[in-house]
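Okay, here we've got a single chain as structure tokens, the form predicted on its own, with questions on binding and movement later.
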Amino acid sequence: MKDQWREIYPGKSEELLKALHILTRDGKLNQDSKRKLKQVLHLAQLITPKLEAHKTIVDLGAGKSYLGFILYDLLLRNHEDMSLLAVESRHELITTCQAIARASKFDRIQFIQSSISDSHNQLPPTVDVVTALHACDTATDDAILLGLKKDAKVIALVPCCQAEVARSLESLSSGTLKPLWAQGIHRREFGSHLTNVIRCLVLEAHGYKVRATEFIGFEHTLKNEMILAERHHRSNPVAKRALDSLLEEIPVKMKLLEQLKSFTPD
């Protein structure tokens, strides 16, 4: 049905949704696009109240910049002091997104071609908000590290495809907890869960108040856990002790943990 998107989307730009291929040229919305729009819109609506007091938003692993463009349409167009930096490694996506931004007259969004881990020097010394939607495996950890280095006030993450810890669990020696991950399917699920628990504790140890929540129903995506962290203090010794105790009990290896050993803010 034509214009059904207006029942879902409170933004102003029909042409933007067409450019993102969420709408067809004649303004129709198919089921796949409807699910994608609901996912990105729901995430944008969840984090928008946390963004309004801030000026610089960095979207990492931006892909086709669905989240960045929708945040701009819903929020940034009404706040002239806000800007958005979208980091993406693929040149063809950067080119496409730049064209959409020009056509939409979104002049306060900048696209940076880089991996997350290599983007530090191309970003300001400090930023207000870091987002990463479905950054795969350790790319989410790269986003956490960048957020810590840039002293972000808000870090919003929707992780995807956590495999690193599952591989590490496979090599652990037998113990009383071994049955939790002895089976392959359990190892994948437990590894994914453990990864996000460690991420939350890392953020808490660095002074963030963290909330992990389901951001949309499983009928839309199985990768639906959101980690929302807001800076409250510089550190949290209680969370640091909890993290250390957990890693003594289950001594998994993570690139994030190794990088934090030499961590210094920018």
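The numbering used is simple: start at 1 and walk along the sequence shown. Because the structure is a prediction, the values reported are computed rather than measured.
In what follows, reference is made to the form predicted in complex with a small molecule, a form of this protein that is not presented.
Participant: Based on heavy atom distances of 4.5 Å or less, which listed stretch (186-194, 139-147, 95-103, 71-79) is in contact with the small molecule in the predicted complex?
Facilitator: Within 4.5 Å of the partner lies stretch 139-147.
Participant: Using the partner position in the predicted complex, report whether E88 sits within 4.5 Å of the small molecule, counting heavy atoms only.
Facilitator: Yes, E88 lies within 4.5 Å of the small molecule in the predicted complex.
Participant: Please determine whether S115 contacts the small molecule in the predicted complex, using a 4.5 Å cut-off between heavy atoms.
Facilitator: Yes, contact at 4.5 Å.
Participant: Give a yes or no for G27: in the predicted complex, does one of its heavy atoms lie within 4.5 Å of a heavy atom belonging to the small molecule?
Facilitator: So G27 does not count as contacting the small molecule.
Participant: Any of the heavy atoms of H54 lying within 4.5 Å of the small molecule in the predicted complex?
Facilitator: Close contact is absent here: in the predicted complex, H54 is far from the small molecule, nothing within 4.5 Å, heavy atoms only.
Participant: Let me know the one among K240, K50, K36, R231 whose heavy atoms come within 4.5 Å of the small molecule in the predicted complex, would you?
Facilitator: Answer to the contact question: K36.
Participant: Identify which of V130, V165, L84, L133 has a heavy atom within 4.5 Å of the small molecule in the predicted complex; exactly one of them does.
Facilitator: The option sitting close enough to the partner is L133.
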